[in-house]
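What follows is a single chain, given as structure tokens, in the form predicted alone.
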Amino acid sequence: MPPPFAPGALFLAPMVALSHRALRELVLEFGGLDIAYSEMASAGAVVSGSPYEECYLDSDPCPGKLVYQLYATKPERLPEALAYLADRPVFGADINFGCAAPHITKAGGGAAWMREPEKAFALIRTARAAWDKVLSAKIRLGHDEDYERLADFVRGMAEAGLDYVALHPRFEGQKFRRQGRWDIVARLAAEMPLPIVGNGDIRGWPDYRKRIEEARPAGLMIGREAARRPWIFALLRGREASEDFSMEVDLRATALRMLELIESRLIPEFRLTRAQRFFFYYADNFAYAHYIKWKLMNSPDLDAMRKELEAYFEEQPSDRIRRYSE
């Protein structure tokens, strides 16, 4: 099955408190991004009209590049949510089968679906009937190292109507303690009847080339590195075009732009937590990362964050402009 996107597409991963409109807009301003996921939204909350879900479902600034990611704990809620969203001009919708957060899995959502394959396949079929755009699922490796179980699950999802699968090659509950199993991405990409997108462990150009050459996925998904370096997609595309490519980044201007976007694009209840989450990663670019990170994490509001950033760059002017090539 050919992918519903350009070969080698670059994806922004769905991330709680990170893959919101403000980050997507900042990344798109740098360029290089093909498809972006929303924050994970609850299908049940979408159906019930929760006020916070509309923030998750903001499809701007580029709806045609956006994938809504939904999780469901009750099977009837997913097709209902997709029917509600059917007229929105987005690229696609994704079913979360990978979240291993205890409060999600205990309720029967996320990775819990992988333990009941037939129920997962039935969920996909009802979702497919309600949604005529691209439909995908994001998964992990599951709870054990049984490759055939995983392969059968992916085949079953393809038969049920998915257009592609995004795989984070870690086991349920593994988090980020060890490298992901990209050998399994490679095997699935070679053997499965639908496109496999690989996710995880891509921090720069060497990682990108290694994954492309060894695993040969249909596309690559990047998560936390996009918060650390929102220009990562532009950097990878530039290096593809020329091995001598590098780019100069104004760290101060980018930080202040992110605060501006958070303030203007997100609801007040989300602004501080989303800013703190972003700067937890972005501050790694600074020479005195621990110091400024502590200052920003303890700021009471966005204005205080701006003052801390301005004070930092006054004290460390050499930190403002950085050149990146990897």
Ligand SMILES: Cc1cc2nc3c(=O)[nH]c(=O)nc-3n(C[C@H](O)[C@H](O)[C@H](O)COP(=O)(O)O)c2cc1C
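Start at 1 with the first residue shown and count on from there. For clarity, every value in this text was computed on a predicted model and none was experimentally measured.
The following text describes the form predicted together with the named molecule, which does not appear among the structures shown.
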Item to check | Contact residue in the predicted bound form, chosen from 277, 265, 295, 257 - any heavy atom within 4.5 Å of the named molecule | outcome: 277
Checklist outcome for this item: Exactly one of 36, 261, 40, 283 comes within 4.5 Å of the named molecule in the predicted bound form through a heavy atom, and that residue is 40
Checklist outcome for this item: For the named molecule in the predicted bound form, the stretch among 218-226, 141-149, 111-119, 127-135 with residues bearing a heavy atom within 4.5 Å is 218-226
Checklist entry - Could you tell me if residue 195 has a non-hydrogen atom within 4.5 Å of the named molecule in the predicted bound form? => result no
Item to check | in the predicted bound form, residue 201 touching the named molecule (heavy atom, 4.5 Å) | outcome: yes
Next on the checklist: Considering non-hydrogen atoms and a 4.5 Å limit, does the named molecule approach residue 15 in the predicted bound form?
Outcome noted: yes
Item to check | Residues of 147-161 having any heavy atom within 4.5 Å of the named molecule in the predicted bound form, listed in sequence order | outcome: none
